[in-house]
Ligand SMILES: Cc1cc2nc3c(=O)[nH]c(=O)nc-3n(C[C@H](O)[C@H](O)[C@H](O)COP(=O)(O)OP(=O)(O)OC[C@H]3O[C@@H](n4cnc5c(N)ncnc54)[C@H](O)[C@@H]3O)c2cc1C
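Here you get one chain, nothing else, as structure tokens; it is the form predicted on its own.
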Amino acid sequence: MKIAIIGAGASGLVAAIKCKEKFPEYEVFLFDRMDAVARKVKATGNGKCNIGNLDSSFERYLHSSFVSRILKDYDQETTLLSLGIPTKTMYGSGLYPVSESASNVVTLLEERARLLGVNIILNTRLSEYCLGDGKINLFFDKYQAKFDKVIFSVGGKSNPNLGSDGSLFEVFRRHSYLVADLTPGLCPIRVKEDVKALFGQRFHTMASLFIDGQFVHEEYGEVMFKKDGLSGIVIMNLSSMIAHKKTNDAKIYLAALNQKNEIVTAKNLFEISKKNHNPLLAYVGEELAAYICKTADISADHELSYEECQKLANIAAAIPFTYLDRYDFSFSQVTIGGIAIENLSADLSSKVEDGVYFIGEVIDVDGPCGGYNLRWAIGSALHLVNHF
């Protein structure tokens, strides 16, 4: 049996390793267009590699019922340990390698694959494939070859400089696959408000999302200001929620909190204003204080009235930002969209073509920041091989 795996990211590497462990007699070839494997993995978790999440619920994934069926038997810690990666939990339920090194994780996976006899072929791009005479003929930029089965683990379009550029989705469409629209997920957003004066500022806040005037979600985390918008894990999660709703009518409200994580009240500000003209400086940075005053149309150059303090407190409790659009794929951590789950059987084999399989981000599944997407990538690869 000759197996081709297209895409040497997390899902492709794990699929190759587990396939050779289960079927050592198989010839397994792992192809990638880049000059190194798993370049995107090396960037995860700010280099610490947030490789999974122990959250027992699957509700935070798109198509959660489908994901639940695929991941329900995936024992993350045991599987990763079997790959030579002992883990620990950090930041709540986030799963990280004990080494806290994404680079080490990639090295361990690549070495394991090579030791098992996986043929890793880099700098090679697939342009087309066809089925005939019980084989799958793959057409690469340098040559063509026939295989018994092919596993597509090519990712989406996010961070194309790290590997996945979405070039095969047009090929999949030509092969009659339904492909859900591809959209950047987990990325910064642009807002209509002028936030240039806040560029580079960051603070921890409760961020609330309203879509079409209705409350959708709130989440606590650090927000960072860009020249034209907002970033940070909490904003990235909200950006994906907006994308899933397929709307641009969204507003985000950020609560400016004090050190005790309590909402700033008018009474707090009024008491401080008796001693200092700009009472917001007791709670937030100078730039953010100035922005709140500007939003409230209040000049903090005098002892403020209680009514002015009330207006500042109301805005500080929910600073409004109007969604304009998302940053593009080069800034996104995951792709929303991909091969529709309707195209796939329970074992992740294609319903359209015999001997073709899909795993990882190429499928129309995505989750929030925090290891959810690597959990899906690795768990889907394990599920496929377990049902080979």
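All values reported here derive from a predicted model rather than from experimental measurement. Throughout, we count residues from 1 along the sequence that is shown.
The form predicted in complex with the ligand exists for this protein as well; it is not shown, and the discussion that follows is about that form.
The closest heavy atom approach of residue 124 to the ligand in the predicted complex falls within 4.5 Å.
Among residues of the shown chain, residue 31 is one whose heavy atoms approach the ligand to within 4.5 Å in the predicted complex. Interface membership of residue 154, defined by any non-hydrogen atom within 4.5 Å of the ligand in the predicted complex, is confirmed. Within this chain, residue 163 lines the site of the ligand in the predicted complex, having a heavy atom no more than 4.5 Å away.
Just one listed stretch, out of 349 to 357, 65 to 73, 33 to 41, 316 to 324, contacts the ligand in the predicted complex at the 4.5 Å heavy atom level, and that stretch is 33 to 41. Taken together, the three residues 6, 10 and 333 all come within 4.5 Å of the ligand in the predicted complex, as judged by their closest heavy atom. Proximity to the ligand in the predicted complex, defined as a heavy atom within 4.5 Å, singles out one entry of 176, 167, 305, 247, which is 167.
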